[in-house]
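Quick heads-up: it's one chain on its own, the form predicted on its own, in structure tokens.
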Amino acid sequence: MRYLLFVPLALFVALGQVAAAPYFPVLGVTANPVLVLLMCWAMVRGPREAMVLIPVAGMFQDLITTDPVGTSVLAMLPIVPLAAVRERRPTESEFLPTVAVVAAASLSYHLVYLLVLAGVGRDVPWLQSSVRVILPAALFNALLTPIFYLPVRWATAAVEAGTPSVRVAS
């Protein structure tokens, strides 16, 4: 039941990424809102939910694009260990660690993505990709974090406030 909202949301964001993101480049790169949404979800709701949602969102993204099927799923897998930062609570705020982890997830996403493309025989310009795509994309995705973090945080708080707590009588 908790994933009922996420599935249409992931499909909508993936469609928006493919249909609209190329028309709004910043720093010469386009955003990856699916990655940012998943990372924000993982930081707010926990890595366990991310393990379920990564294949769903990744398959939506791969089926909409011309990339090899499964590439996005593999590239999004580092989200789960990166979301473990949530458990450590380095600061009082969860927002700043989320921004940093979104940037790290973006870096790892692109590195794994390029490795998969190189593995299937495509020519990958590693140095050019690092400077012109990977670093600007990490910055751009980190800047998009509030757009997804705040609604996920508010929805989670609303759901938790509306759910009665279970008390065990002693």
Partner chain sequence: MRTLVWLVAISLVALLAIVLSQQGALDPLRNLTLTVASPIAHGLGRAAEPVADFLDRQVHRQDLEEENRQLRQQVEALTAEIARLRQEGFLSGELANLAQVEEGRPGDSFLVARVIAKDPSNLKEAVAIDRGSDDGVAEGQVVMSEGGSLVGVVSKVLNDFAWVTLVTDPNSNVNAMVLESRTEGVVSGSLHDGLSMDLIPQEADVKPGSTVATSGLGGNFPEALLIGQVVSVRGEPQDIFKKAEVKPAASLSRLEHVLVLTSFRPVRLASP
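Residue numbers count along the first chain shown, from 1. Not measured: the values here are computed from a predicted model.
One more form of this protein exists, namely the form predicted together with its partner chain; it is left out here, but the text below deals with it.
In the model of the complex, its partner chain lies within 4.5 Å of some heavy atom of residue 80. The closest heavy atom approach of residue 100 to its partner chain in the model of the complex falls outside 4.5 Å. Under a 4.5 angstroms non-hydrogen atom cutoff, its partner chain in the model of the complex lacks residue 118 among its neighbouring residues.
Remark: residue 85 does not count among the residues lining its partner chain in the model of the complex, judged by a heavy atom distance of 4.5 Å or less. The putative spot formed by 96, 151 and 160 is not touched by its partner chain in the model of the complex; no residue has a non-hydrogen atom within 4.5 angstroms of it. Shown without its partner, the chain has 15, 16, 17, 18, 19, 20, 22, 23, 24, 28, 29, 30 in segment 13-38 as residues with a non-hydrogen atom within 4.5 angstroms of its partner chain in the model of the complex.
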